[in-house]
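Coming up is one lone chain in structure tokens, specifically the form predicted alone.
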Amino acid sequence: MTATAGLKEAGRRQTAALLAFLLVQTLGTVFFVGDVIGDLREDPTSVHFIFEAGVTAALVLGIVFGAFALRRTIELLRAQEQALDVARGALGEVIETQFQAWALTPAERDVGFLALKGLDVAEIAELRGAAQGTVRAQLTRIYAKAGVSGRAQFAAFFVEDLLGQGVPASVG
């Protein structure tokens, strides 16, 4: 499971838990409303009736506020998912544009994408049906075209671009 899928699943579980809580609260409120109506017929001025009516009113308000909070949470989760999808697509476009600027071959592009996804040389070679030496040579050419010394700087190039700022020349 990817981190994104894990976050989405956690959001779904949170929403389901809030919905279940709201449902239980609604069932309790229905019970109390029935009880208050029964008590209203018997003695509407008793302390017991007034207390139950207040508790029931608080439960109704809790359901209303809970429903609004649940709706807001669902809308927020949807907005975050949309923003993440946009960012993911934008990063893909940035990477593709930079690969074109570096004039990477189609094979180098594939290897570059796989390297950015965190796969090691052996995994890339297996996926591409190539020798590990070939993948190492392709990575060396990619790094040379990018003007970086290795995988960490290669990945950092795109992270810096995504964040909109470069690494400071000197720290301190």
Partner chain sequence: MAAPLTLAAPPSLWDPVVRLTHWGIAVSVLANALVTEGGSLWHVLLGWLVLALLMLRLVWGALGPTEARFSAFPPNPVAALRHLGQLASGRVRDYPSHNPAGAMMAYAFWACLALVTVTGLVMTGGATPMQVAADKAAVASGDWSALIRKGGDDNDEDSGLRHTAEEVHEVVANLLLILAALHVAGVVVEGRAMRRNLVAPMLLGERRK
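Numbering follows the first chain given and starts at 1. Note that the coordinates shown come from a computational prediction; the quantities given were computed from them, not determined experimentally. Think of the rigid core as the biggest set of C-alphas that the two forms share within 1.5 Å after superposition.
This protein has a second form, the form predicted in complex with its partner chain, left out of what is shown; the following refers to that one.
Of the heavy atoms in residue 82, some are within 4.5 Å of its partner chain in the predicted complex. For the chain shown alone, residue 144 is not a contact residue for its partner chain in the predicted complex, no non-hydrogen atom being within 4.5 angstroms. Its partner chain is not drawn, but in the predicted complex it has a heavy atom within 4.5 Å of residue 67. Although the partner is absent here, residue 51 sits far enough away that none of its heavy atoms falls within 4.5 Å of its partner chain in the predicted complex.
Highlighted residues 115, 119 and 153: none comes within 4.5 Å of its partner chain in the predicted complex, counting any heavy atom. Residues of just one listed stretch (131-139, 30-38, 51-59, 105-113) have heavy atoms within 4.5 Å of its partner chain in the predicted complex: 30-38. None of 19, 159, 10, 148 but one reaches within 4.5 angstroms of its partner chain in the predicted complex through a heavy atom, and that residue is 19.
With the core held fixed between the shown form and the other one, residue 52 has its Cα displaced by at least 2 Å. Residue 25: CA moves less than 2 Å between the shown form and the other one after rigid-core fitting. Put the two forms on the same core and the Cα of residue 153 is off by less than 2 Å between the shown form and the other one.
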